[in-house]
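Here you get one chain, nothing else, as structure tokens; it is the form predicted alone.
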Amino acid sequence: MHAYVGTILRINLTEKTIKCEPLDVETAKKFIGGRGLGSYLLSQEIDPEIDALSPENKVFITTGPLTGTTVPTGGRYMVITKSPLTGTIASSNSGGFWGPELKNAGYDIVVLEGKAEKPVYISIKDDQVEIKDAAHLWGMKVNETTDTLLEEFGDPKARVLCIGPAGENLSPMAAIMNERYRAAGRSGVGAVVGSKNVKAIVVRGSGKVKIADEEKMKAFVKDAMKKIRENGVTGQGLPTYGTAVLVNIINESGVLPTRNFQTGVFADAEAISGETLAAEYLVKKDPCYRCPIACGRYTKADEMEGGGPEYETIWCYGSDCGINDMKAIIKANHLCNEYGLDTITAGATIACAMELFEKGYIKPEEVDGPELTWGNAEAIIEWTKKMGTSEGFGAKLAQGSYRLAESYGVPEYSMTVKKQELPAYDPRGIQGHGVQYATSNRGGCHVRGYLISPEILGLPEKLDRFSLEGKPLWAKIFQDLTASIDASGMCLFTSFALGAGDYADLLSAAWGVEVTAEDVLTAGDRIYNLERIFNLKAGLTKADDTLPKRLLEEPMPEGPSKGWVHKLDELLPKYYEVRGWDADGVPTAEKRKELGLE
């Protein structure tokens, strides 16, 4: 067995059974692993129309063939389930060290199915797997849960994955956390785990992932490392300033969403920049497994210290809420980690609430906490706590911005796609990235096809960010490559420096068979279409491939992107065409046959 370890660990919580099943390696290779294989298994095993929080939903925690190997950034795992936030397929990605530890214990995938009658956690020590009582852990925040389980497990080198109070409360913005600060953050995957009464999975493995050709792998890894270190983004910008290096870059392009996307320019961007974070609050870098980039930050603000914040977190709690107080942003990020909240949805929901308050939809008498006014640093801290515990008006916020705005009859104030909050790039000034947003299979998301790379950063080549020419094809290629990277177990950030041929080389050495760049992109196309078919069966339609009304109709009011709206109506039909979908966005029979998805 090469690259895979060959076993699926299936835990039925209703029946209290633990089974080991052999991995079908040919099917695994067809979808590579990780996101691809997990999406295939979910599609095979659940009805897409089920309630995401019902016992009928399943959770697939999947590694890729390169997870736990010697490849740079080979530490990723995915969580695939049906999302309670969007109703789409959810596939959330996390780093750290938990994924490699799972493979070292002898498992490619953990499946959670059914529902435990009371809170439990899963203990994995190689082939010793147990379902244990977690009554004493229920209600604990992430750090306390981690500390308690490491002590109980009796091995400080064990790795802990868990949910916080937000997941227990079934908030559709609940994340799954591992090693305290790493998050499978988006789409409410933590709520699905909480709905099954699972608090945590602690794992320790003594094995090692084997690959087919060690000599070839050494050569390919050396080449990949050289490219990563020599690249301006992965070798300089991210290592020096973390992802927050983007704050000034995006603001200077006039696409840093500010005050719930009312504009794309934030006058106080420098105060919340990566440069400021590094100069005033950075304690150390915090890299994931075998990562030469080390974009992770470990920061301290007053009594709070821990991992992050990332660029997206700084944006949604910063400019999106009109906040220029980095210390408050760091504290809000820390609280998200502790309660197990997706920072993007949490911060963006507060921003939406601030606009609803500003416009008179939310009344002062409803607000049992700090005023929801732009620039109120106290508000982002206190409302994050209240969302984490679903306390008072915080329970309403904890449902996300779409459900919040819809409850006041104005869903257009929610800056979401498919009910998931958009991240930190206003698509009015980045046309390709906007079509990627609208067609993302998991709703508002930047890491399903990061067209910021060519449209803003100029990698692998500089595109005119306002031009529509060729953008649908660029979106497709980036989405397909991203799907394969997610499936492989590597980090998406390597794609600033590496191309499809590099990933093909690494997979070739791991599997011991020739893999081409075309194979990598075809596998990504297969994964993307598989996810699309799941969503269509779940009830989504062409009408869901859209952007918030503001971004389609209200021209950017100022800055370098002034006067622009997003021209989705011109781009979407062409996108469907290059995808091989019909005019309603449905993969044609020919496309399904071509990809082996009949």
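A residue's number is simply how far along the shown sequence it sits, counting from 1. Please read these numbers as outputs of a predicted model, since none were measured by experiment.
Separately, the form predicted together with another copy of the chain exists; it is not shown, and the next lines address it.
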Counting only non-hydrogen atoms, the one stretch of 432 to 440, 377 to 385, 277 to 285, 161 to 169 within 4.5 angstroms of another copy of the chain in the predicted complex is 277 to 285
Students should find that, of P370, G499, P292, G392, the residue having a non-hydrogen atom no more than 4.5 angstroms from another copy of the chain in the predicted complex is P292
Checked V410, L473, M225, I131 for heavy atoms within 4.5 Å of another copy of the chain in the predicted complex; positive is M225
(message) How about K125 - does it come within 4.5 Å of another copy of the chain in the predicted complex, if we only consider non-hydrogen atoms?
(response) no
Within 4.5 Å, heavy atoms only: does V221 come near another copy of the chain in the predicted complex?
yes
Discussion item. Contact with another copy of the chain in the predicted complex for Y121, defined as at least one heavy atom pair within 4.5 Å: yes or no?
Written reply: no
Would G106 show up as a contact with another copy of the chain in the predicted complex if we use heavy atoms at 4.5 Å? no
> Would K157, R229 and E305 all count as contacting another copy of the chain in the predicted complex, using a 4.5 Å heavy atom cut-off?
Replying inline: yes
Those residues of 337 to 375 with a non-hydrogen atom no more than 4.5 Å from another copy of the chain in the predicted complex are none
